[in-house]
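This document opens with one chain alone, in structure tokens, the form predicted alone.
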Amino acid sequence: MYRYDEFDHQFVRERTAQFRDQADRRLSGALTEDEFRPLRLMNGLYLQLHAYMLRVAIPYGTLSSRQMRQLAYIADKWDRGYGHFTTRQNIQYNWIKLEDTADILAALAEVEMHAIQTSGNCIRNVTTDHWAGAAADEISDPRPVGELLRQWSSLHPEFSYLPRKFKIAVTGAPNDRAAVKVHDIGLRLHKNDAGAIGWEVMVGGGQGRTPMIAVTVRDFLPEKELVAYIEAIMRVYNLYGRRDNKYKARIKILVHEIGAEKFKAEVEAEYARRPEQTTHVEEKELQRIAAYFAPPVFEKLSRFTPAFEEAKLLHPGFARWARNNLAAHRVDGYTIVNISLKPEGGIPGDATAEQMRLMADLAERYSHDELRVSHPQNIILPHVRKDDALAIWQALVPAELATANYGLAGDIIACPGMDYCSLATARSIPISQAISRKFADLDVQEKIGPVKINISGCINACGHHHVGHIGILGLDKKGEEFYQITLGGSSTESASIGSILGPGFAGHEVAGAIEKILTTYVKLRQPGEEFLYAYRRLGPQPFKEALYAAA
């Protein structure tokens, strides 16, 4: 895990002192809200419906136990005892007072954390696979590249005032868990025909008003060229990206308007202008950063673990949780633990301070002092001995963290919606809660199988509804909330944008509509066929008939 050097410490301390002065001037009236707004956004502070919201960066989703405990402390001392983990592997506090914000930033700095570049028209928190460094299918851990990009992009003089916000995602596995194809830049590690490892560079993905899948601009790029090539992409965007209309300012619009081939040619021309010796990352620098992500010292264990297998026989609840919430680790005798933040009727992504402290304790004791925040708004213990899984489950049960629904219908992605967000046009949380209760029976969820239900409270798509197998978008219709349903979206290596199924539904009708969709799927699927592939085979018509035929 990366550790701050002296430059990092000084950088964060100075930024905290700067913001303390800015906040004091706003509180005294020396700064108007219009003058203060760009200053607070540079430090991740938003003004929401009821209070300020602070978004804290968790680079590539990796946390230590000490950092998680500090997040719990902040939740207790300055918020209302909880935090909200997001799809960009950050945490948000929804009830912040302006006069407390500098103290919160100082508390974050104590554990090598900050809120810089979590908002504004800059390069945001770099995200990656939440199983990075542990997954059995991984080619290589992508987090060192995430850290390289974090260091390169922090307060970059050219790229701090872009036409619009900019998001980068990185994956080191063939199975994409980082949604790289729906980011401004997506990076996928793979091997070429000669067996060499390099990066596929994708540009122009995104959601919001104009959802698009990224296009490949370089199929294979050596790692030492990565920063220089991304700089070329950023320069082309900075030069040609629109600044007159924020709805057309994202790089995806530029790629779409000039065409992928023209955009690629512009990037290649810009890249060719840079002398090689000044742009390539030195091997020793790559090795320096990679050393921070050296794997822990694993015990030499057998692939077959009798105690783990016996525990599943003795505890049916544990057996179900192990079946659904554990994932294959690259080391024999170990597993990846996915802690669901989606209990029945809960708010997706929310965790109380007590729950954060428990997860920190479990990570310290059983997971080499490491936790991850996942894209689907859950928490991961990446390196756990299988024989320790039972003890973890037993500790999670009384804390309401042992719901065995990872990847199933109850594992819903949802933005905060109109309960908090000033941009939202409808509520997301009550809809997710209603669906969660509708599918509370885990036997039913397991019968349905893997399905991704994503909910957004407005067209900005913070709940990633466009790439949900089932997407739900909340909108305002003449002062009333109604919900549009899309089917067939995916954020994986076979990424796709969901298609609108038909007329929207009132809030109280949504859970029933989802039930009809999934009942139709179970009736029509082929043996072993998951929802997304059944939809792609069947098309929308049987689902439309199930929802609208009787209307």
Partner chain sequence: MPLLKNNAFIQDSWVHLGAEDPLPEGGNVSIPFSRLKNEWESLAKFPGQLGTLLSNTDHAEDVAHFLPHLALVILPFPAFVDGRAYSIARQIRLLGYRGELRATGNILPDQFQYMAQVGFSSFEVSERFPLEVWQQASKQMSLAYQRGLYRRVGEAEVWSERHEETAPETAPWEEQPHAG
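Remember, it's a predicted structure, so these values are computed and weren't measured experimentally. Positions refer to the first chain, counted from 1.
This protein has a second form, the form predicted in complex with the partner chain, left out of what is shown; the following refers to that one.
- Although the partner is absent from this view, Tyr161 contacts the partner chain in the model of the complex, with a non-hydrogen atom inside 4.5 angstroms.
- Remark: Phe308 does not count among the residues lining the partner chain in the model of the complex, judged by a heavy atom distance of 4.5 Å or less.
- When the partner chain is considered in the model of the complex, Tyr240 lines it closely, a heavy atom lying within 4.5 Å.
- Within 4.5 Å of any heavy atom of the partner chain in the model of the complex lies no heavy atom of Ala136.
- With the partner omitted here, the stretch from 66-74, 38-46, 507-515, 489-497 that lies within 4.5 Å of the partner chain by heavy atoms in the model of the complex is 38-46.
- A heavy atom within 4.5 Å of the partner chain in the model of the complex is found for exactly one of Val281, Ala440, Leu221, Ala395: Val281.
- The putative spot formed by Gln151, Glu270 and Arg288 is fully lined by the partner chain in the model of the complex; each residue has a non-hydrogen atom within 4.5 angstroms of it.
- Shown without its partner, the chain has Tyr2, Asp5, Phe7, Asp8, Gln10, Phe11, Glu14, Arg15 in segment 1-15 as residues with a non-hydrogen atom within 4.5 angstroms of the partner chain in the model of the complex.
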